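Next up is one chain by itself, shown in structure tokens, the form predicted on its own.
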């Protein structure tokens, strides 16, 4: 597969290097070469800081039909907060800037150091990578790229859920900076009492649909 990468930083080098070793053709493009990298790739990874992403996508030229992967986290500099809060997610903004592209959100929950690992494991288990997108074929393509890293693609829903994925990244980054292992705040799947169940009947009398509750023993 031909993969064009918009950017030449840590994420571009980590993901691009691993994909090259998996047998893909990869071309990275920095300032002045975004259009060349985009034209090369069947799949295009946007691997620049979120504040520059929309300008870079515009500079890349027409992206019609291409699978366009957004791996960014739109964090406010110096704070664990999203500059997209209250509005569309970064992935949705990229989709609006490149209406002909098939945008997928993925690879934003781990740093470049993690992606350089071969393969990334958590206690011996392949790292799960949530993938959000509206185009099933594009999601499947990104899922294969996830597997080529030795990871496991996790269905994340449509692109309208990308904001949840970005908010999750911000929350986890806050935990890591506080020295907290994020795994300690999420009950293991093997625990039956940890599994949430959806309840279609509101319980608070508000008329709003209930979201989720946890079964109690």
Ligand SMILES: NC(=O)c1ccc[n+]([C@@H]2O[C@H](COP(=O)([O-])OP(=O)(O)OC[C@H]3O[C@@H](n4cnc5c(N)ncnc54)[C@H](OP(=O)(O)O)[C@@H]3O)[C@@H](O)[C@H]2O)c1
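Since the structure is predicted, the reported quantities are computational estimates derived from the model, not experimental observations. Residue numbers count along the first chain shown, from 1.
A second form of this protein, the form predicted together with this ligand, is not displayed here; the remarks below concern that form.
Put simply, residue 71 is close to this ligand in the predicted complex: some heavy atom of it is within 4.5 Å. Although the partner is absent here, residue 161 sits far enough away that none of its heavy atoms falls within 4.5 Å of this ligand in the predicted complex. Proximity of residue 146 to this ligand in the predicted complex: non-hydrogen atoms within 4.5 Å are absent; the residue sits far from the partner. When contacts are judged by a 4.5 Å heavy atom cut-off, residue 182 does not count as touching this ligand in the predicted complex. This chain is displayed without this ligand, yet in the predicted complex the stretch 48 to 56 from 35 to 43, 61 to 69, 147 to 155, 48 to 56 comes within 4.5 Å of it by heavy atoms. Of the listed positions (138, 127, 82, 110), a single one reaches within 4.5 angstroms of this ligand by any non-hydrogen atom in the predicted complex, namely 110.
Shown here without this ligand, the chain has no residue in 147 to 177 lying with a heavy atom within 4.5 Å of that partner in the predicted complex.
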